[in-house]
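A single chain, nothing else alongside it, follows as structure tokens in the form predicted alone.
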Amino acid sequence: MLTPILLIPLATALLCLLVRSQRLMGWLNPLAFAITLALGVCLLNEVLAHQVVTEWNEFFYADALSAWMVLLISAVSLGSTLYAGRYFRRDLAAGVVTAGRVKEFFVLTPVFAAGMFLVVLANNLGVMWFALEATALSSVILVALYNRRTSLEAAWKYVILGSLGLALALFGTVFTYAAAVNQNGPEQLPSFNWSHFMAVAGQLDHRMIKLAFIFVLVGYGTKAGLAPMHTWLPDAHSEAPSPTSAMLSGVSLKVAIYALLRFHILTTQCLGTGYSRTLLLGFGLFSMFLAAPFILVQSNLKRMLAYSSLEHVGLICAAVGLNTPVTIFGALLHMGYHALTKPVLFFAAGNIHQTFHTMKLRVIGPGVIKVLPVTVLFLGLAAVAATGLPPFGLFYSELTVLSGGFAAGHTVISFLIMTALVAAFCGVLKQLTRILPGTPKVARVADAAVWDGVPAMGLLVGGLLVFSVWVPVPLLRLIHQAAGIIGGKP
């Protein structure tokens, strides 16, 4: 079951490389991710039945946390590739992209997704690092797809900072391995599998593990967009094609958090202290408080959405850092709801960009609702969700984190989290009210048709609405199991 999840996107990339029809490529990608989503549901049931699913002599390893990530990657990739077909046809018609560049997108996107699948299914920590490197290399070409000066600059910053972060993460991975080596000269070198490290966690060198987690936190934290290592994030997300921005913000950041959480679980198991939790809490809070003022002063729509992602990533890390069963459960719920919400915002931004030919808020608005009413409907619903208002699931996940923090006696920290959430809400509300209501300054004809992007946006918003009011019992059990793994109670 695990092997097909990896092979199907790679086979799709190869097929897209061989075929010439852009329409066929536009359907091959969504079909592949619909299949991986179905396999993810099957994996969910297998994990619930057996706790852990392994293949190839435990080379592939899936527990509840892995299965949860497979579902998120598949859902966001399905929505992004479903949106991409019409999106690139409009770009081709406008002459802003070549047919060769569109082919690059449909070849590299499944490669990008396959790398993310490998991150969450690899048992070997070295393979997990390699897979994250592969996601960086494939996605950086997607960021530079339009071949503009600004997109090339964003891709350059992304590859430089991302490579530096991954180099530090590699050092952390090597230090973790060194912590398992018996200094008295072992007869056999230890396994590099995460499951093996967890089995011998009590025997690991504590000082080496502390050093390793610092390197991993800075390294994978850079890829996750945690402040102050986040500076690549607004540039890359704003310059990439909207389907790529959706995947970067919707799941790529969370896959890096997943890698960081694996080391957090191991560090906590080894040290038996709050060492890694304190660091996660500190970086999470800093990211939230840094994001809010930047949201308030942004003049570019997609950069504003990127800083909003920084705030949500910070909340997830802070919730894990609080280390109560309720806050960890809330963090995992937040990952899922945010993964369904943020792509819709980037899809709507893509429609707006192709109509107004700019992302600058002062040029776009006011009066977008009169030019793109259906797009604005989905943008408004997703914005309400992203700012944490009911009835959407992000309201519930944020309330879960806050209530768990207050109940555990973390009053000051919970109040700080609430303050940052309110500040971000005010920033997003201020920016969107500048462009959505009112009368347009100049009469415009929408380049995007009324229903362009609706299938993708409807799929994700519909899923968000359904899962906001009803979470199936098997999925709820999976999330609880994943929270137990992070909290040290598998």
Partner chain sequence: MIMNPSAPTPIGSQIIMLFAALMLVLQLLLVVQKMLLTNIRLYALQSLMLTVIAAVIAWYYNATHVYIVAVLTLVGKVIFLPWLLNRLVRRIKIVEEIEPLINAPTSMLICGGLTLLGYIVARPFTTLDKLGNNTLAIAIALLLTGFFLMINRRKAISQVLALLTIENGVMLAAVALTSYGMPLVVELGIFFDVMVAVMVLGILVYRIRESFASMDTSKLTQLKG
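Remember, predicted model here, so these are calculated numbers, not experimental data. Numbering follows the first chain given and starts at 1.
Below, we turn to the form predicted in complex with its partner chain, even though it does not appear here.
In the model of the complex, at least one heavy atom of F215 sits within 4.5 Å of a heavy atom of its partner chain. The shortest heavy atom separation between G126 and its partner chain in the model of the complex is within 4.5 Å.
Looking at T150, you'd find a heavy atom of it within 4.5 angstroms of its partner chain in the model of the complex. In the model of the complex, its partner chain sits beyond 4.5 Å of every heavy atom of R262. Heavy atoms within 4.5 Å of its partner chain in the model of the complex belong, among the stretches 85-93, 383-391, 171-179, 284-292, to residues of 171-179.
Out of the listed residues F192, F406, Y275, F395, F192 is the one that sits within 4.5 Å of its partner chain in the model of the complex by at least one heavy atom. Between its partner chain and the residues R303, H410, H353, H334, the one pair within 4.5 Å by heavy atoms in the model of the complex involves R303. If you take 135-170 and check each residue for a heavy atom within 4.5 Å of its partner chain in the model of the complex, you get L137, V140, I141, A144, N147, R149, T150, L152, E153, A154, A155, W156, K157, V159, I160, S163, L164, A167, L168, L170, in sequence order.
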